[in-house]
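What follows is a pair of forms of the same protein chain, given separately as structure tokens and numbered structure 1 and structure 2.
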Structure 1
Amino acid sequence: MSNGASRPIEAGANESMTKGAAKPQRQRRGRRARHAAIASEQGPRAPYINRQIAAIDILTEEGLSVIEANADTILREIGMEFRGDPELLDILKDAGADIKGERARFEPGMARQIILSSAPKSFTQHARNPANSVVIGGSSTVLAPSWGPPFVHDLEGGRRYATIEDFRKLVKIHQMLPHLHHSGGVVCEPVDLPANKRHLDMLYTHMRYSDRAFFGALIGAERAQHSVDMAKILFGEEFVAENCVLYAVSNTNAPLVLDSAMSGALKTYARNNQAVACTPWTLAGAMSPCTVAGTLAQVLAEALATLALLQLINPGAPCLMGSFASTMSMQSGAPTFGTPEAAKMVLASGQLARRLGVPLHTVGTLSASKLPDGQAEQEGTLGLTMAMLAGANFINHATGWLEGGLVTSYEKTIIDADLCGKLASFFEGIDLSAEAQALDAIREVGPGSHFLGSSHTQAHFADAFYTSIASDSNSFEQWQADGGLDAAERANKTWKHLLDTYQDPGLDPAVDEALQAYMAKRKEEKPDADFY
């Protein structure tokens, strides 16, 4: 494992410290520093993380071969079911799969060969603000917020059904958070809108209030087509024909089923050259074996079959291998997150994806906690850190997820975003420039003195370290004077501050009007319904 840092290094190099530029160190309060850290969002920032620390290889070559051989065995002996869409079965049959009913079986190596021959290793998802476009693949990692919860939670309102107003607020908060890279998708489920039409309002909200990249609707060919149509209004038809501007996830129904709601969207996106993360979603013990090795083989089998299908539909279409594998309590049956088994599975999934030559999609700060408390952050920190160490290229639910995905927490969003920032800083690796080696500073200070007033410290105090947006590191007395707030109470103030200072990226009024007209037309076409 090596540090890919390309900075020039030279042992004992003389530093040319910019002493003239030294500024006096000012004693500022942590809270003001936090707000300054968030405000830096408005300046230049990295649109995604470029990892300078190699991924962890948890499995040996031999171990990886075992998992791959077992996935091949699963696909040959058991196969995968593609339900409710005969066209897919024809496509697979033409490619050489053995089709019986809705079951497709694959000869060993067949699916892998299809994927290796056409899936891109890396691609760019464009944002309407080009500075926010994200590279997906290689050493890049893109962090997206919570996806899917029907509830939201904040300290004043408690746990409640989410509304489109919550959705709008979350999109604005996310847009203001410097450590997220993507506007996400269903940042919460706006259950006050008709279930069969709310995808339109969600897409519009991302397009209108954020200038980052975002998700297309995941479920069903029709809604996927609506997503593509609206993207064409936003980006222009020609641009969308030639570029990836939408990101979607296609979840299998583990074990070994892809249903037509998922495959319909997959087909639509693939044919429009938009990105799909083919993501087996499994709780080991329920939807896959209660072992890491067994779950990995099943996850790989499902990913291989789905990715092969996608590449057969449109060779070269952007895609990712997804892995959302967690565990359950074998005592209570409850889903569990941030577990050691989930950590092992995501690290191994990263290796499997790299061998398949496709980027890895996975999940971040998952927690079963009901509150933005110590459990939430212990589980979430272990989860996101391991996803990053797996070399994941796109991490969904990097912020805000509580209660096993039933809740998006406003406060956890802020605390998790701080972790995103810490990990981004960590993955910059170690700066070995002569200035960072700081030998002259050590010479200047000598034994028994301190570096606070040294010219090296003076020159670098402003950006020497990552500045937290959520932690309080002040003295007990200062913390008490500031109200004695815990992390969630401080985060409550922070998300309100972000909403209050939200900077609207604006939207061309003609585009806005066209989007609204499109939505109105779609909504008129059918009655409201409470189901998808």
Structure 2
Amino acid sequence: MSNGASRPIEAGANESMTKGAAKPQRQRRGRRARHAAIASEQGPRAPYINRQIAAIDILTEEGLSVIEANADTILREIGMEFRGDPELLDILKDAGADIKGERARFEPGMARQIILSSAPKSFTQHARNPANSVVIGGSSTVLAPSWGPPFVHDLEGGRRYATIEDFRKLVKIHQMLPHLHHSGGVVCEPVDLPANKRHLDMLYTHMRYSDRAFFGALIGAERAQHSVDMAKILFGEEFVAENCVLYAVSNTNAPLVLDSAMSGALKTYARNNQAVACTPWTLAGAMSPCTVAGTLAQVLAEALATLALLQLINPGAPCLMGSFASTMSMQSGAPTFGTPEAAKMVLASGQLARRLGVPLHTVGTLSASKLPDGQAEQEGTLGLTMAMLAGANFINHATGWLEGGLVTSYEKTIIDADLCGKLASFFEGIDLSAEAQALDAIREVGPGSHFLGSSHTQAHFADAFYTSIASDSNSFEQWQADGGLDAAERANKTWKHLLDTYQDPGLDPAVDEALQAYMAKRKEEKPDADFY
């Protein structure tokens, strides 16, 4: 796809192009460089969003009580299966659950009481750069990039399988984006590495090329333990023993199953006092009922059972109630995103998590679109905005997600990051300081004049309004003279600029050497395999 740089300029659009062309060309290059540089020059970067706007309550007290009662009914009458790990069933049995085979049933209120008695309302996940540590809970929101796609897409390369080089590039780009707060986890799946070992390279990449907080590996106890071991090398054993430095998600296999791959990681992280978001993963109509109320009851039931298990393993371990609840096309069976039903589910999940007294983990700019186009941004904007209005404390997939989670898009990463910045600015609320009230400026200007030259405007011209890294607000003629680029083409230039200007946070050579030695030892222990 053309980047638009060679598009012809219409006659008369910019008469200066016909004479003295060198100066306008230099000016255009300068404008483009300044525009691209905005992404990394937004001023001091906040480590997370401190929301000043209240979350939306979509359910009444009566509605919340109905959903909670239905979740209790599900856990009492149907129960939840914990497959492949007898130890977990023994833990639940000792706590009073009714165990038959691999299925556990809970008396009404049992799981909730376990959670309320010990789960923290908020906690800090520490980054190796303390300035980038994130608070998870209360009024804070942490934004993390796309997770899990096996493909990547950019305008030149198109859709292709992701590699470890793509993974490194994305981690570097995320490090440079001021409106992301977290390095994330599987920002794309590097399929050029053995499936049973690539988690080591991904963990190392986050540790080496970013100084933000990051995820541990999610699948299985062994990989979770590798994550803990590498974190101990990076932070020190004593620090890891006393602090949360890893973030993980334990997805249920809806409906009403937690398998050993997920529970094995959950158990490892809980015992090491690291954070786990207990997250039912549902597509309404396929993995949960095709109604919002039915899906919410199932989501809450699965979250209650999983969170209770985690707290029984290690009372006080940091945890979140997660919700990945979207819809499906009743015509094709394909997942759909950015729907009004999904919006209702995330808003209600926020209320349910607040009632439970734990932070909320959810998802952001999800889209089924194949390209970073209007559909992608319509769906993604609704998803991320609703997650913020739900009071979410951790939002995964805040940038880059396309094709129902199969693709991480370089260009959508930039466009979504701009949306993250706009929402961060919006959720700061309204500044009511004396300076912001601007009465002196109104007195100075008086009736019938303008504020363009006022001292107040001059003092605040650089920070009065959010500066977009993706939009073009110039005149048609100026836009055309600058190449006539659309949003994706501008984003293409921006991510390349971020890579070119990437600032390496560095890593202590001794720590780097120890991490690489650990990786090499683990890789030697087993042959390569193309399966998990």
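Residue positions are counted from 1 along structure 1's sequence. If you superpose the two forms and keep the largest set of C-alpha atoms that fall within 1.5 Å, you have the rigid core. Everything numeric here is computed off the predicted structure, so don't read it as measured data.
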Study note, to complete from the structure: Between structures 1 and 2, the form predicted together with a further copy of the same chain corresponds to structure 1
Point to revise | Per-residue C-alpha change between the two structures, Leu439, threshold 2 Å, rigid core fit | key: yes
